[in-house]
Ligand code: ATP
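For reference, the chain that follows is the form predicted on its own, supplied as structure tokens.
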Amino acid sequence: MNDSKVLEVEDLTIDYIILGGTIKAVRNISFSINEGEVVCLVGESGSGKSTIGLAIARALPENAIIRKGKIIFKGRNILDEKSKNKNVDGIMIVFQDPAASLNPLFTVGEVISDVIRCHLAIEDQSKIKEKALEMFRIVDLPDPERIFNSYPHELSGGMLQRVVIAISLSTNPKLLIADEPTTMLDVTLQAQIIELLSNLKKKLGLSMLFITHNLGVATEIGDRIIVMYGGEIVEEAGSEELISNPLHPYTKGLLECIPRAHIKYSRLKHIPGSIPDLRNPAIGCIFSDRCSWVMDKCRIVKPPLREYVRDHKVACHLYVEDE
């Protein structure tokens, strides 16, 4: 894998302005994605992972405010662009609901043709269609000609997700953001989409930010996993390292919540408590109210995210020596 960085996020902090207050959605987030690497953002709903994806894709809602930070793509800070929601050439995003990404009044062929015409500046209709059919074949869609002429409601959920992936890849992106792309699908289709994205990574050398609440899914596709909780990064490591040697209590809890076929359960495990109120996040460790190992220090001092072992970072006072 080439170590050249496709994306660098530095100290990113994002708030949402809502009626009666401010949600501190993302705080001091820093990470990078190398060329040909899949980095997974994992966390519960409300952890801030989708907000990060939307910020990178320049698709944040109007009530979002980027307080500070940089998002460096292809050598420039894309947050310096004048328009808040200006699309970034070379970055595409796939959302969890493919039907919501497609206009029901247009055929799939019309949608992908417009994208190819706009992004690749191709005017010849036969060449546009040829490119579209090529993309449908790349994502393993059967009978591309029929798909091209179909309306979204005529296709299954799994086929629609493949169509959306094909549309995103038709622009030859350097970075693909996949935001919960398997959530709306059944288990069998989830596995197929994960396999497809894994194959596309190998075939196209694709760099990807894969966003999911499912740590099991992340281990199947990710080269590196970033665990988020309450708008902060609590742990980051290579996939195999994270699974074999989880350090943060939250990561350990997530792993214990994954059902295993060879074990009989009278009751599935869960992490007690509820997610923090990000209108007023904790002064100390964001996970302190749910942690079974909590110490007095955890409630008043925020643990820094530091490298505990090589290429394995964790934000927990259990692993940080006093300075």
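A quick note: this is a predicted structure, and the numbers were derived from the prediction, not measured. The first residue of the sequence shown is number 1, and the count goes up from there.
Missing here is the form predicted in complex with adenosine-5'-triphosphate; even so, the following discussion is about that form.
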(request) Answer yes if any heavy atom of Ser274 is within 4.5 Å of a heavy atom of adenosine-5'-triphosphate in the predicted bound form; otherwise answer no. (result) no
(request) Considering only heavy atoms, tell me if Glu35 and adenosine-5'-triphosphate come within 4.5 Å of each other in the predicted bound form. (result) no
(request) Could you confirm whether Tyr308 comes within 4.5 Å of adenosine-5'-triphosphate in the predicted bound form, counting heavy atoms only? (result) no
(message) With the partner left out here, check for me: in the predicted bound form, does some heavy atom of Leu278 sit within 4.5 Å of adenosine-5'-triphosphate?
(response) yes
(request) Let me know which residues along 215-230 have a heavy atom within 4.5 Å of adenosine-5'-triphosphate in the predicted bound form, or say none if there are none. (result) none
